[in-house]
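What follows is one chain in structure tokens, specifically the form predicted on its own.
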Amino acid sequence: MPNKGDHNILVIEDNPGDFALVEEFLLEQIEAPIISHAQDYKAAKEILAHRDHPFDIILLDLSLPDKTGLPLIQEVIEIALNASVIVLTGYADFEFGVKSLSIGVSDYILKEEITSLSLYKSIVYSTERKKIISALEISEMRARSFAKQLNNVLEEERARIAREIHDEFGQQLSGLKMSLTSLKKNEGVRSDVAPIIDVIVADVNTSIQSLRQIANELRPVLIDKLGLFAAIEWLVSEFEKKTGISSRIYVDIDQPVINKMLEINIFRICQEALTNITKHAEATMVNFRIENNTQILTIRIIDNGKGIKASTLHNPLSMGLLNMRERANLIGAEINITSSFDKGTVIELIVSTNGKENINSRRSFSN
């Protein structure tokens, strides 16, 4: 007895005999399925473009008159919307089957092995898998949205604390310094007290510098005043002063205009990268390179340290690397981290500056 359930199926098959067999199998297992037929890719594209109700399943023959193989699969997946694509083929090519699954096909069935039951099972499994994947994608989108909002709140709080440190504590210390200087000039102060006042003033100056440093690390003033690239140059300069590691920086003359939250996240990734180098790399040289090419900003941070162990590089719980990857995800960027033993590490951040699309780059970089 046929199984109940709403199934809207598009069969893309140029062989009338194969289509008739597939249709018979579907009717045998499914009660009243809605079956549409396209004999080539062009017809399938037309049907998918003008269909009022989306298809649940697309059964795809790999050898059509106007398109075949992987290009056909890629094109159909692109226009299939939320339909699960099941490939039906006469070619028993295992590697090709694995490749097709890796690019988004739900299942891969050999025509000579197909039965009504195996076809029905594939349809049911593919449909349920699609539902689970859709639910996971929605859940991930919500998590990403929450993470982005949380990140924005944290950055706003950092900025507020930095302002209070700079304005409140900084002004109080500056006032204290002025009072001590005035006290020293007072004629009633003993001569042996003046050196003590000088020491206190020096300590106050040190405290003022420390406060400015803390405020800058919380929220660099240069980002708000001069933008991302000046802030990164400052970051690299401070890194060299603190660590003694020789640092070189190249910034492309063509600097794109970037929104503030994108600037902050790029800066934080660079900050985290330099922090990791300080803690773990044992490097003597760091090269920083920033290039802008057709709305794609590429930042490369290269050190000559001891490298990152493979177990650490691929450890999802490695906090420094995780922070960089999560921030890259928040801004739709791609981050590539490659490392070799005793040859250092390359961190490559690729960011779209048009604010509209995520990066999906396959470019590689080597020392």
Ligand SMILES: Nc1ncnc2c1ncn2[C@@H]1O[C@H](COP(=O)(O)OP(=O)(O)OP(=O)(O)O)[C@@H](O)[C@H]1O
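Numbers follow the displayed sequence, beginning with 1. What you are looking at is a predicted structure, and each value in this text was computed from that prediction instead of being measured.
Below, we turn to the form predicted together with the ligand, even though it does not appear here.
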If contact means any heavy atom within 4.5 Å, which of 156-164, 273-281, 226-234, 81-89 contacts the ligand in the predicted bound form?
273-281
Any chance residue 32 has a heavy atom within 4.5 Å of the ligand in the predicted bound form?
no
Is residue 36 a contact residue for the ligand in the predicted bound form, using a 4.5 Å heavy atom cut-off?
no
Residue 49: heavy atom within 4.5 Å of the ligand in the predicted bound form?
no
Does the ligand get within 4.5 angstroms of any non-hydrogen atom of residue 310 in the predicted bound form?
no
The ligand isn't shown here, but in the predicted bound form which of 60, 330, 299, 321 has a heavy atom within 4.5 Å of it?
321
